[in-house]
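Below you'll find only one chain, the form predicted on its own, shown as structure tokens.
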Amino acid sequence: MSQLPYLVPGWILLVGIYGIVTSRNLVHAVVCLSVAQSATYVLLLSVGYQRKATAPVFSDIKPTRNVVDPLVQAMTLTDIVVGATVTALLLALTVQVAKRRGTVDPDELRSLEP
């Protein structure tokens, strides 16, 4: 098996982390966090991939046929839902910070004074 399915999620994760570290805007940081989290989707799907396998629906295939593991697919869908929820929560917090402080620049938000 090739190493490419494991290198691509690593590269996506590094791009997302680089974006978070170099971000000067909270919205940009949230988007970069979503990119970094998408690496987990790619990793889970590449771990669960099998050549010449079908969907795990046993009503119309022979029981001896090679099928894809449904647990990995369920974990990926759960990861997507959790990622969307976290992104929505962080964007809502960013909107509240922008309303109260008038900026979304992390450097200007360092002090706790109003």
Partner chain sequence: MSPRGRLIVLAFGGTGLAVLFILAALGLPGFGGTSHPYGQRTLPNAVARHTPNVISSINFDQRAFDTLGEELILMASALAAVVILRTVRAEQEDAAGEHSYGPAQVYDALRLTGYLLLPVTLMTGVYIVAHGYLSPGGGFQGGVILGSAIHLIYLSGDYPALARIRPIPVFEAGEALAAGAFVILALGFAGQVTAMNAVVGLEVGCAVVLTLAKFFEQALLVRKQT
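The structure displayed is predicted, hence computed values, not measured ones. Positions refer to the first chain, counted from 1.
The next section is about a form of this same protein that is not shown, the form predicted together with its partner chain.
Undergrad: In the predicted bound form, is there a heavy atom of its partner chain that lies within 4.5 Å of any heavy atom of V27, even though the partner is absent here?
TA: Taking the distances in the predicted bound form, the answer for V27 is no, it never comes within 4.5 Å of its partner chain.
Undergrad: Are any of the heavy atoms in M75 no more than 4.5 Å from a heavy atom of its partner chain in the predicted bound form?
TA: Contact check for M75: yes, within 4.5 Å of its partner chain in the predicted bound form.
Undergrad: Would S46 sit within 4.5 Å of its partner chain in the predicted bound form, counting heavy atoms only?
TA: Answer yes; at least one heavy atom of S46 falls within 4.5 Å of its partner chain in the predicted bound form.
Undergrad: Can you work out whether T85 and its partner chain are in contact in the predicted bound form, taking contact to mean some heavy atom pair no more than 4.5 Å apart?
TA: Yes.
Undergrad: Taking heavy atoms and a 4.5 Å limit, what residues of 5 to 20 are near its partner chain in the predicted bound form?
TA: In sequence order, P5, Y6, L7, P9, G10, L13, L14, I17, Y18 come within 4.5 Å of the partner.
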